[in-house]
Ligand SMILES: Cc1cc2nc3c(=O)[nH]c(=O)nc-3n(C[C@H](O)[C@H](O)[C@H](O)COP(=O)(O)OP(=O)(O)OC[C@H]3O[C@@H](n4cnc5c(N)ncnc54)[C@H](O)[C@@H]3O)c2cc1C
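Quick heads-up: it's one chain on its own, the form predicted alone, in structure tokens.
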């Protein structure tokens, strides 16, 4: 790809949000170019890949790319004593094998007619509306009717379109490795300890095939660095098989927006999806379900805009209106951010052992609501 190029829509970023938006638009007959700076979709994976029941019910994810169903969640206080054990009567979570899942989504995009450009970096949008792309064959001037930012929590597209950008971020780090099949059921272990995960939690997801061991929190509250906190947690983390740690470990990490959906996510030149739009639960930091649902909405809006050809056709893509769905989770996020010491966490944790606390935890972890429907 060299020189000048055109498209109906230029999508920047080939995560699930970008792939889904591009595929839906191409299926409706639009010319879509999807630019991804990584040379391969299986490298530099950031997400844990936890899919909730509503996503599995509503989106046709390839089952061969999903781990065994998880129904059990265990919540631990600092010190790991007297946890709260919650079990659903339904399959609540499955962990995606993200490399193969991205490749499957890319094949679906290509089959729909998306032009996928790997190893091509978005280098900015000029005053005349042209976008500059840079690849190994040299720069390309791309003229597209609309630009879609699916380029992550620190979106450059958001800046170039004059849209809102994420200001409230936590950062996460995770190790993933294969495990032998265990005797217990697949389980999601969550540790509420601000010394390990300030403002968030540490976790182990062991589905009997792989273990995901991670921590996340506010970056400025890690005095010794996140990687040291992860190493400290991994040495005594619950839910892991005994014996020596495996030598083959996949490491992931990156920023996670927790400020809720941004207010200005669309304008005359284009729109934002996924992490770029802040489409992540402020409380749980789960982003895969809202990213797919917002991408579906974005494809609907862009399809209408491309067919209508009217000024500012994206005015209805209103983050401020959708943001109201995050109000309760934003309040809980502010409360969680104030739990700064293990002593405070230990003092608050007994509330989760009460009938009201257990019911609230079950509603958060096993709920039926999904963005943007509720």
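Residue numbers count along the first chain shown, from 1. The model shown is predicted, which means the values in this text are computed figures rather than measured ones.
Quick note: we don't show the form predicted together with this ligand, though the next part is all about it.
Just one of 76, 146, 122, 233 comes within 4.5 Å of this ligand in the predicted bound form, counting any heavy atom, and that one is 122. Taking 256, 211, 140, 190 one by one, only a single residue has any non-hydrogen atom within 4.5 Å of this ligand in the predicted bound form, and it is 256. Taken together, the three residues 24, 271 and 319 all stay farther than 4.5 Å from this ligand in the predicted bound form, as judged by their closest heavy atom. Comparing 79-87, 298-306, 275-283, 105-113 against this ligand in the predicted bound form, the single stretch with non-hydrogen atoms within 4.5 angstroms of it is 275-283. At the 4.5 Å threshold, heavy atoms of residue 67 stay clear of this ligand in the predicted bound form, well away from it. When contacts are judged by a 4.5 Å heavy atom cut-off, residue 260 does not count as touching this ligand in the predicted bound form. In the predicted bound form, at least one heavy atom of residue 38 sits within 4.5 Å of this ligand. Within 4.5 Å of some heavy atom of this ligand in the predicted bound form lies at least one heavy atom of residue 46.
Residues of 4-38 that come within 4.5 Å of this ligand in the predicted bound form, judged by any heavy atom, are 12, 13, 14, 15, 16, 17, 18, 35, 36, 37, 38 in sequence order.
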